[in-house]
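A lone chain, given as C-alpha cells: the form predicted on its own.
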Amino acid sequence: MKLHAISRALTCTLIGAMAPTVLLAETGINPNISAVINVGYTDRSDFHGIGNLPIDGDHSAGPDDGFWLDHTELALSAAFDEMFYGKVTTVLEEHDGSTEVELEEAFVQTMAMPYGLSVRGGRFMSNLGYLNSKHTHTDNYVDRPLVYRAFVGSHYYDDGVRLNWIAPTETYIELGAEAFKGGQFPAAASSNIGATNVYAKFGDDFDESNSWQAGISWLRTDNDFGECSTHDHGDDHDDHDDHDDHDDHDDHDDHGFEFGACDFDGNKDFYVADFVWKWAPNGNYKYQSLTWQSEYFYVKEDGWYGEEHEGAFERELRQDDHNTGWYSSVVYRWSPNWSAGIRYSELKPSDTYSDGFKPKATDLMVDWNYSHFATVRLQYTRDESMEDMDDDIFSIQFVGSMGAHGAHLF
C-alpha cells in the first residue's frame, strides 16, 4: 500500500527529527542516552591489504584476529527546542592493542523547515550509497562488504553541512547535497571544502508485502599530497614513512611505485548506485522477511601518485584511472529469533594497482536474536582480497543495545 511506503519513507528520513520528541514525551529524559556493545572473536590470518589498493589500514582490515572490540558506541541525543535536534556519538575501538575513542557524530538538524527541507550541520555520516549513513552495528554481517572497506574505509563521515528535500509525493523521493571539510579518508584536502556529495533516493511499495528503495550518489574528494586523512586516530597515517601496513602489501615492482593511502594528489569521483528490495508477509517483518540489497561503485582518479624513492621524489600521472566494485546480499528471516544470509563482494582495480587480479570475498552468516536488542552472530568468510593469499575467516559476534534506541532505517 502507498500509505505504507509514505509512512516508512517519512520514518526513515525524519527518524532523527521525530524520534527524540516522541521519546522525550514518553520518558521525560533529556537527553536520551544509549549505548551499543559490539564485541567478538575472530580466527583469521594477518591482514595484508585489498588488491594493492591504497586503503585506510585501520578500518579496511575487518575484525582483528582473536578477541576484539569494534564500534562500541555511547550516544546522547535530544531536541533543543521545536526547531533543532542534536546528537553526539562517540565510538570505542581497539587498534594495535590500544583502545581508541572517536567522535563519530556531533550534529544539529532542523525539524520544522517548510517545503520538506531540512539542514544538518556538524560531523555526520554521508548519505553516500545505501550502507554508508548507517551505523555498522545495524549491519547484517560482522564487517562491511569488501567494496566499502576498500574505497571508503568502511564508512565516510566528516565535518560539514547537508541540505535535503523530501518531495510531497506518494512515491518517496529525496534529493540532497552535502559539503565536507575533506579531513577523513578517502578525502585528504587542505582547502575549506574538500569533499562534496549529491544524491537522490527513491522508494515505494510494490504491494502490501513488497517494497523497494533505489539511490544514486556522486561523491568528489580532493586529495592533496601531504594532507593524508586520519579517521581521527590514524596518526600513523600522517607520516608517509609510517605506512608500513601499506608498504607491506603495496609492492608494485611492475609499476615502479608503492601506493599508500596518502600518496595521491588529485581528485577522486565516486559514482554509486544502490538498490534494496524487502519482502515481508503483509509488511510484518517480525516473523518472516527477505532482504536483497546491492551496491555498485565506480571510482575515477585524476591526479598524481608520488613518493620518496631512494632519496628522490618520484611522481606518476594518473588520468581517468578507474576502479569498480560491487556487492550483493540476501538475508532471510524465518522466525523472530533466527535469520541467515549470504553476501558476495568483488572489486576490479585499475591497471595501476592490478595486473588483472580481482579481490573478492564471500560471507555466510546466521543470526540468533533473543530480543530486538541483542544479537549473537556466526559468520564464515572466504577472503580472497590478495592474490595467492586466500583466507578462511570464522567470527562470532555479540551486538547489544541499551537505552533510547531509534527505529532502523529502511
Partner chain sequence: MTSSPFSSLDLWGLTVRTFSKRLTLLAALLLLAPQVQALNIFACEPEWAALAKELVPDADIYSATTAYQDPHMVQARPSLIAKLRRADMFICSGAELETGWLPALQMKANNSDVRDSQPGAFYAAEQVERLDVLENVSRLMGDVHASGNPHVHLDPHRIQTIAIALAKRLQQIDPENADNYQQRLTAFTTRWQAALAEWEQQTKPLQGQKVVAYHSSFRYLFDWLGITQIADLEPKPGLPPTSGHLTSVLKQLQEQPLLGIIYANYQDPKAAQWLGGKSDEPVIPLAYSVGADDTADLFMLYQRIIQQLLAAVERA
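Positions refer to the first chain, counted from 1. Nothing here was measured: the structure is a model prediction, and the numbers come from that model.
This protein has a second form, the form predicted together with its partner chain, left out of what is shown; the following refers to that one.
Which of 149 to 157, 185 to 193, 320 to 328, 165 to 173 has heavy atoms within 4.5 Å of its partner chain in the predicted complex?
Residues of 165 to 173 come within 4.5 Å of the partner.
Let me know the one among 140, 89, 109, 217 whose heavy atoms come within 4.5 Å of its partner chain in the predicted complex, would you?
If I apply the 4.5 Å criterion carefully, the residue I get is 109.
Among 72, 136, 339, 213, which has any heavy atom within 4.5 Å of its partner chain in the predicted complex?
Of the listed residues, the single hit is 213.
Would you classify residue 45 as touching its partner chain in the predicted complex, given a 4.5 Å non-hydrogen atom cut-off?
No.
Looking at the partner-bound form in the predicted complex, is residue 278 within 4.5 Å of its partner chain by any heavy atom?
Residue 278 belongs to the contact set for its partner chain.
Using a 4.5 angstroms cut-off on non-hydrogen atoms, would residue 82 count as touching its partner chain in the predicted complex?
Residue 82 belongs to the contact set for its partner chain.
Is residue 285 close to its partner chain in the predicted complex, meaning a heavy atom pair under 4.5 Å apart or at it?
Close contact exists here: in the predicted complex, residue 285 approaches its partner chain to within 4.5 Å, heavy atoms only.
Heavy atom within 4.5 Å of its partner chain in the predicted complex: which residues of 98 to 127 qualify?
Heavy-atom contacts to its partner chain in the predicted complex: 109, 110, 111, 112, 113, 115, 116, 117, 118.
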